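Just one chain follows, in the form predicted alone, and it is written as structure tokens.
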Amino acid sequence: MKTNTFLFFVAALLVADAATAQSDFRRFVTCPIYRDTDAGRKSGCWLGTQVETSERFDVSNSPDKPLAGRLMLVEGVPSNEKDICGGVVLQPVRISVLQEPCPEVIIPAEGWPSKPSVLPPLVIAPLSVPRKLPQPPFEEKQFHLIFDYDSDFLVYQSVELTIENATLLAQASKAKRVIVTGYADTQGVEASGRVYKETLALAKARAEMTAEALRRMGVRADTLQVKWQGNPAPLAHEAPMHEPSKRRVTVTVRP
């Protein structure tokens, strides 16, 4: 009975944590601020202020980086990471560079220690490194690639490992079909008083871009099937970043 009570208590805590993270999800549009480094020894920081709340956030953990002089759409959750750049750290976080210009803002280090350069965890190994192929039994498996808003760009050091894993499974299992389905958030999301919708054409472009990457990595072209769809259901396992996961490509490898 004590064991059951303990498990119930842990489950309740996990549900409460997930609900809290979801409720604190932030989405806003702002002009990026680049905080410079001390003597160039470390990476600088990207910051953004949510005008509606006057809070400043550190968005440096985003897979893609802001562009000075262009507005950015910020989506993320405040974390407990130590503030070393002058803003509450968002993690997870994604930023999307928008078309609208804004003032270029670069500020000095001002005593903040800034971030050490750290290699992202999902970096693909050099091609000279032998790959370990998946072993049978083989089953159908899906791989998901998340995109920035209004973009079909495959973000460097973010999606290569996913594409390679899909390729290795397709090769090892001699896949009969590799289905590449592009999605776009055609329903749209609200941020800072505006609605940001994507077009169905973008879903097609994302699928074609991913299929080309798979072909170049070694997936047989005659096994590739490209599809696209608007307003998909979000990915449950991407919580609390539910809505950004609607901007994706799903690769289904069917042995």
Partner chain sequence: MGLTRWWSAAGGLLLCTAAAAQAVDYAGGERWFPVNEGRQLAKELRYPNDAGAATTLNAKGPIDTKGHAFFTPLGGNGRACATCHQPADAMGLSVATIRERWNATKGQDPLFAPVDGANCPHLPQGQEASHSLLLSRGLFRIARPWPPRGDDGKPIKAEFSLEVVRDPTGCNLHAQHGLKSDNPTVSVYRRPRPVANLKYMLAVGFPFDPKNGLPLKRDPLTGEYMSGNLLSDARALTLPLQLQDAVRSHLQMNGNPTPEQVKQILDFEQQVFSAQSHDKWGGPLTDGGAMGGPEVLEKSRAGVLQNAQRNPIWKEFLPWKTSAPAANAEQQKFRESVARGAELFVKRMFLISGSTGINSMGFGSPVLNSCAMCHNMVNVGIDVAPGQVDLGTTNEPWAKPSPELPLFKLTCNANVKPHPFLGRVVYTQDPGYALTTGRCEDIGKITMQSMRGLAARAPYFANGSAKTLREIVEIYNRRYQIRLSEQEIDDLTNLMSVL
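As the structure is a computational prediction, the values presented were derived from the model and not from experiment. Positions refer to the first chain, counted from 1.
Same protein, other form: the form predicted together with its partner chain, not shown, and the subject of what follows.
- For the candidate spot formed by 126, 156 and 217, every residue has a non-hydrogen atom within 4.5 angstroms of its partner chain in the predicted complex.
- The closest non-hydrogen atom of residue 131 lies within 4.5 Å of its partner chain in the predicted complex.
- At the 4.5 Å threshold, heavy atoms of residue 67 reach its partner chain in the predicted complex.
- Heavy atoms of residue 29 never reach within 4.5 Å of its partner chain in the predicted complex, leaving it off the interface.
- Under a 4.5 angstroms non-hydrogen atom cutoff, its partner chain in the predicted complex lacks residue 165 among its neighbouring residues.
- Checking 178-186, 157-165, 133-141, 72-80 against its partner chain in the predicted complex, the stretch whose residues place heavy atoms within 4.5 Å of it is 157-165.
- In the predicted complex, 209, 212, 213 are the residues of 199-213 with at least one heavy atom within 4.5 Å of its partner chain, listed from first to last.
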